[in-house]
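First, one chain by itself in structure tokens, the form predicted on its own.
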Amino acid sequence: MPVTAKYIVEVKRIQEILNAKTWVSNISDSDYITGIYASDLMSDVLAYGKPGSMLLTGLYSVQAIISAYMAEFRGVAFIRNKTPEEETLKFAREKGMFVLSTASDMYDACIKLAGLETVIPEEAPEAEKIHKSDNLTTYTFKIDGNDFASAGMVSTRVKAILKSIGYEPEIIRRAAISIYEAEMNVVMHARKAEVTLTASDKEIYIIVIDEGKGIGDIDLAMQEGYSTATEEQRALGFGAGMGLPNIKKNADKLDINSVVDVGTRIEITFHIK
């Protein structure tokens, strides 16, 4: 149930309408969201969610809050009285996001929220711009395959680094979504990987080199909806076949080289304008 960015809905009204329990607040009475996105498929959230929104979901693992964070959402509301994991609550507290839960199922929650009245917000002040260093900065990270407990932590760190450097919010969002999709691909399909982030005033350049089963048909893997994910991985909200398409959608340049039973090298570039 989208709410256009021209309008806002106060978070306290969401709480009232859904009779929601607050697990993590990080909000004041005047805080608001600019949209609501209902989904249990995290790649869809990353592909279509709008910044400033709230995620309505039945997926209560830490990947839900990480996905919402990467998409620049304000918070998450869990349906059917799902109890979020402690790791989820800790992440939300650290990132200034709210976490709610409601007894409503997805259908009922959407129907209730569809009737919300919205208001036109006052024009927001221009965000403070931080000067970017002329120096080239490089970071490296390790990712372990099948480690869903830590999945998303490298992406979170990359996003924090890009924020500290002072890039514009939109390019940070695009880069964060891309590295998160790449990280999840490693966790689901490879044994391990090394990530290199190079940041400068001209570009953000990310290389992900994994050891694993590789990609037999890259063109097929780039098609939206194509997936080799297991049922267990799908139950975690991934494997919708949007990973590589999401990276391509957000990147200015994407290069993929892969050898079956050896591994895959993904190079993702974002130009600084």
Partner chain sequence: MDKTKCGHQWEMVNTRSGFIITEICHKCSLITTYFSSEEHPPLEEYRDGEHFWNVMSSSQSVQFDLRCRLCKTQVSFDELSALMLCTSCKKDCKVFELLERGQGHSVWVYVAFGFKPYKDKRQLTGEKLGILEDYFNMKRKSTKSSIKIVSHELIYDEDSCMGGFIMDEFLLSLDAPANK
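Numbering follows the first chain given and starts at 1. Computed from a prediction, not measured in an experiment: that's the story for all the values here. Whichever C-alpha set is largest while still superposing within 1.5 Å between the two forms counts as the rigid core.
Keep in mind that the form predicted together with the partner chain is missing from the display, and what follows is about it.
J.: I'd like to know whether R74 contacts the partner chain in the predicted bound form, with contact meaning heavy atoms within 4.5 angstroms.
T.: Contact with the partner chain, no.
J.: Although the partner isn't part of this model, could you tell me whether D201 comes within 4.5 Å of the partner chain in the predicted bound form, counting any heavy atom of the residue?
T.: Answer no; every heavy atom of D201 is more than 4.5 Å from the partner chain in the predicted bound form.
J.: Given that the partner chain is not shown alongside this chain, does V62 nevertheless sit within 4.5 Å of it in the predicted bound form, heavy atom to heavy atom?
T.: Contact check for V62: yes, within 4.5 Å of the partner chain in the predicted bound form.
J.: Is E194 a contact residue for the partner chain in the predicted bound form, using a 4.5 Å heavy atom cut-off?
T.: Contact with the partner chain, no.
J.: Each of L41, L46 and K159 near the partner chain in the predicted bound form, meaning some heavy atom within 4.5 Å?
T.: All three within 4.5 Å in the predicted bound form.
J.: Taking the partner chain in the predicted bound form as the reference, which of E168, D144, E94, E85 has a non-hydrogen atom within 4.5 Å?
T.: Partner contact (heavy atom, 4.5 Å) among the options: E85.
J.: Could you check, with the core superposed, whether the Cα atom of K248 shifts 2 Å or more between the shown form and the other one?
T.: No; K248 is a residue whose C-alpha shifts by less than 2 Å between the shown form and the other one when the cores are overlaid.
J.: Core aligned, does the CA of Y226 move at least 2 Å between the shown form and the other one?
T.: Not so; Y226 is displaced by less than 2 Å.
J.: On a core-based superposition, does F91 travel 2 Å or more at its Cα between the shown form and the other one?
T.: The answer is yes; the displacement is at least 2 Å.
J.: Compared with this form, is the I177-P84 Cα separation smaller or larger in the predicted bound form, the difference being 3 Å or more?
T.: Relative to this form, farther apart in the predicted bound form.
J.: Flagged pair E87/A176: C-alpha distance shifts by 3 angstroms or more in the predicted bound form. Which direction, closer or farther?
T.: Relative to this form, farther apart in the predicted bound form.
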